[in-house]
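Below you will find one chain, with nothing else, as structure tokens; this is the form predicted alone, and questions on how it binds or moves follow later.
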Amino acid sequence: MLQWDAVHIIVADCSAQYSGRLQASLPSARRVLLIKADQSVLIFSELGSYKPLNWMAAPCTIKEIAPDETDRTDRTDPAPVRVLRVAADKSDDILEIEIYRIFSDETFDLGIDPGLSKDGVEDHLQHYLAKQIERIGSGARLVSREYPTPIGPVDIMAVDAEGNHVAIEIKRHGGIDGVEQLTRYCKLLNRDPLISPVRGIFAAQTITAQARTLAQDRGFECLILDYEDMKGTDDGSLRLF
């Protein structure tokens, strides 16, 4: 069994065969093999996006097996110089990688990563809208963030200038699922005679046409959130574009 405590990067001519819950194969080509410290194995090509061509996620076990242990019946590929067999710990899935020629084989200790700091996530949008609640209408006031319901908290509960309660569901990118979520919240909230009637606002940085149509059909208002303006980075100067 192989065990790496750091990132291992191999550039090689290789092929791969995945078996288990699905069957998938990669013919021989030059690729990058990325083996992480958690023993995850990912296979990348030069083209394409960030997504690997094939992979085995942790928890898994990596073994190097002798090339003559592979089933080479009716195979046209050359004999491999190395074979890595990656087996999932919680299923019968196996990723077998045959390596024919190695161009680079290096290990790097990347140290402890501080993690990704995200700006403009839903929690930030909720924070700024709660502080600037009059964006939903003049005279509005905040009741609570994360207002509880039996099926989970509504992002923001507010009261408008007329004293009616407003449930606000916030997304970065508003789709139909978000509208359905707001529908469930409003249905429950309107059963409470102490706060009924409760109307809904679907707020997001972007809202798809389908989500907007569904929201309006259900009587919800759609609110586009300008995050840069909300956090105060827009200097308010005139711009041509």
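Computed from a predicted model, the values in this text were never measured in an experiment. For every residue, the number given is its place in the sequence shown, counted from 1.
Omitted here: the form predicted together with the DNA. The next part is about that form.
Looking at Glu98, you'd find every heavy atom of it more than 4.5 angstroms from the DNA in the model of the complex. Proximity of Ala209 to the DNA in the model of the complex falls within the 4.5 Å heavy atom cutoff.
Contact annotation for Trp55: at least one heavy atom lies within 4.5 Å of the DNA in the model of the complex.
At the 4.5 Å threshold, heavy atoms of Ile65 stay clear of the DNA in the model of the complex, well away from it. Contact with the DNA in the model of the complex, judged by any heavy atom within 4.5 Å, is made by just one of Pro27, Pro197, Gly48, Pro59: Gly48.
Looking at 1 to 17, no residue comes within 4.5 Å of the DNA in the model of the complex, counting any heavy atom.
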